[in-house]
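Shown below, as structure tokens, is a lone chain in the form predicted alone; questions about how it binds or moves come after it.
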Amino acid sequence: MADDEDNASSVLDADTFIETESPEVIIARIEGKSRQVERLLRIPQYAEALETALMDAPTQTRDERCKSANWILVHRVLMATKDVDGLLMGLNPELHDILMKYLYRGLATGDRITCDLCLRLHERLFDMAGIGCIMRAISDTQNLV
């Protein structure tokens, strides 16, 4: 009987999702990041631009506008760089899992150019971060990008 209550409690916890910030606040933060990323791309400091785009990703919201706005920002950085290895070497290892999630989002677009780039990055990121990065990215169903 206690096991049934524990299972019901964990299902309830997984289904109840509380937004901690309003979508407007998240969009405003992404717009600020966008200005900073564009400045870094002009310099060009691609690794720093990618870190900025990945930092504070809107994983704690279900609002697709927020998720799409940040994906567009990450995609802009990925498409701007030519040196994939240099981009990943300069990336903070704490952001590998978030980047892997965005790579899967890019693969889901079906766009050939985006998919080609995401596959190249996926291969390099796997070489750097290992299978654990992939497993964490695909098994985390709560913090989606």
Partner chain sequence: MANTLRPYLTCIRNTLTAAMCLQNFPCQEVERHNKPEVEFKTSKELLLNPILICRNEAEKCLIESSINSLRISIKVKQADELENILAKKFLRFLSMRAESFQVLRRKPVQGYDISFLITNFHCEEMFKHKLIDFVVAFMEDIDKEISELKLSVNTRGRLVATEFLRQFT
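No experiment lies behind these values; they were computed from the predicted model shown. Residue numbers count along the first chain shown, from 1.
Not on display, but discussed next: the form predicted together with the partner chain.
**Student:** Looking at 53 to 61, 116 to 124, 90 to 98, 35 to 43, which one sits within 4.5 Å of the partner chain in the predicted complex if you count heavy atoms only?
**Tutor:** Stretch with heavy atoms near the partner: 116 to 124.
**Student:** Let me test this: is every residue among L107, A137 and L144 within 4.5 Å of the partner chain in the predicted complex, going by heavy atom positions?
**Tutor:** All of them do, each having a heavy atom within 4.5 Å of the partner.
**Student:** Quick check on V25: any heavy atom within 4.5 Å of the partner chain in the predicted complex?
**Tutor:** Judged by the heavy-atom cut-off of 4.5 Å, V25 is well away from the partner chain in the predicted complex.
**Student:** Answer yes if any heavy atom of R112 is within 4.5 Å of a heavy atom of the partner chain in the predicted complex; otherwise answer no.
**Tutor:** Contact check for R112: yes, within 4.5 Å of the partner chain in the predicted complex.
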